[in-house]
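In structure tokens, the next block holds one chain alone, the form predicted on its own.
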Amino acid sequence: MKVLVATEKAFARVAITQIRTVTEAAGYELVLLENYKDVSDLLAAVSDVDAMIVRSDLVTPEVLNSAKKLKIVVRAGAGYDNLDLPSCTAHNVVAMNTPGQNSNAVAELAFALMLYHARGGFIGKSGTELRRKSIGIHAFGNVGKHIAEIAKGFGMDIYTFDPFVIEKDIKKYGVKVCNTTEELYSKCQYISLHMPANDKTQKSIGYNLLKKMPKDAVLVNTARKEVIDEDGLLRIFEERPDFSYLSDVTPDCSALFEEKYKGRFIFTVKKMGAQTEEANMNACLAAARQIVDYFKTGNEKYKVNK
């Protein structure tokens, strides 16, 4: 078996060493394609491999057409919108992600954004505190659970809405359950987004929800930019000078924010949620182990295509 690690943004050296240890212990050959600049490099590299690990690299129909032997591709991370799932299915390729491996890193980033904003960017002016503020966790998955644990340490009042999680499993984290998104947004000064980008969530966070948030509202997005209705967000910013937006996903309308709303937003220079040594290691190791497990036992636990 030949396993390809194809990453435009290379894993840390120690992470590659760990991947090599896992794959070679299983008797597989590891091939690296790191920091590549052109898709033609990926098309050539994937031509004779049985498995592939990627980060944010696009696995398109063109890539899959070139991967004549490919049986499994694993996205080292939770989000998998860079994988063309219908094409993976059409090519009989199992597509997986590694849920939970980046969760703490994403949660810590959300709080870093909130703290930096609450203290006015540490430029010497008086700010506010997170203690006793209300926070709404929109989607209570792996990241949401970490958000709840950190928020509890800050002494925040914690709410969530997630119709896919059993209420008793939420309440054991000390979190109050809302019955609708409208209830969640109306109760919380801070809203932290943690849903995937899909047909149901795309542009689902817009004007009608955001206008329900109380005074000095702060929307925090460490999920995907596609879940935001940017027209609705801009409308809220125009109507409410108290509204702020913090995101590690720069919106398409960022130029307007720069022009009109300085001091009311934070956008990181690139998506930073998983950019820690620990998350890097956790995700790539999980990907390697899932590939080995799939070939040895047929385990498809984290399969994301049909």
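Think of the rigid core as the biggest set of C-alphas that the two forms share within 1.5 Å after superposition. Keep in mind that what you see is a predicted model, and the values were worked out from it rather than measured. When you see a residue number, it is the position in the sequence shown, counting from 1.
We do not show the form predicted in complex with ligand 3PG, though everything after this point is about it.
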Ok, 71, 224, 119, 176: which has a heavy atom sitting within 4.5 Å of ligand 3PG in the model of the complex?
-> 224
So which of 46, 274, 30, 59 reaches within 4.5 angstroms of ligand 3PG in the model of the complex, heavy atom to heavy atom?
-> 274
Thinking of ligand 3PG in the model of the complex, which stretch from 227 to 235, 72 to 80, 155 to 163, 208 to 216 has heavy atoms inside 4.5 Å of it?
-> 72 to 80
Heavy atom of residue 9 within 4.5 Å of ligand 3PG in the model of the complex = yes
In the model of the complex, does residue 102 have a heavy atom within 4.5 Å of ligand 3PG?
-> yes
Is residue 285 one of the residues whose C-alpha moves 2 Å or more between the shown form and the other one after the core fit?
-> no
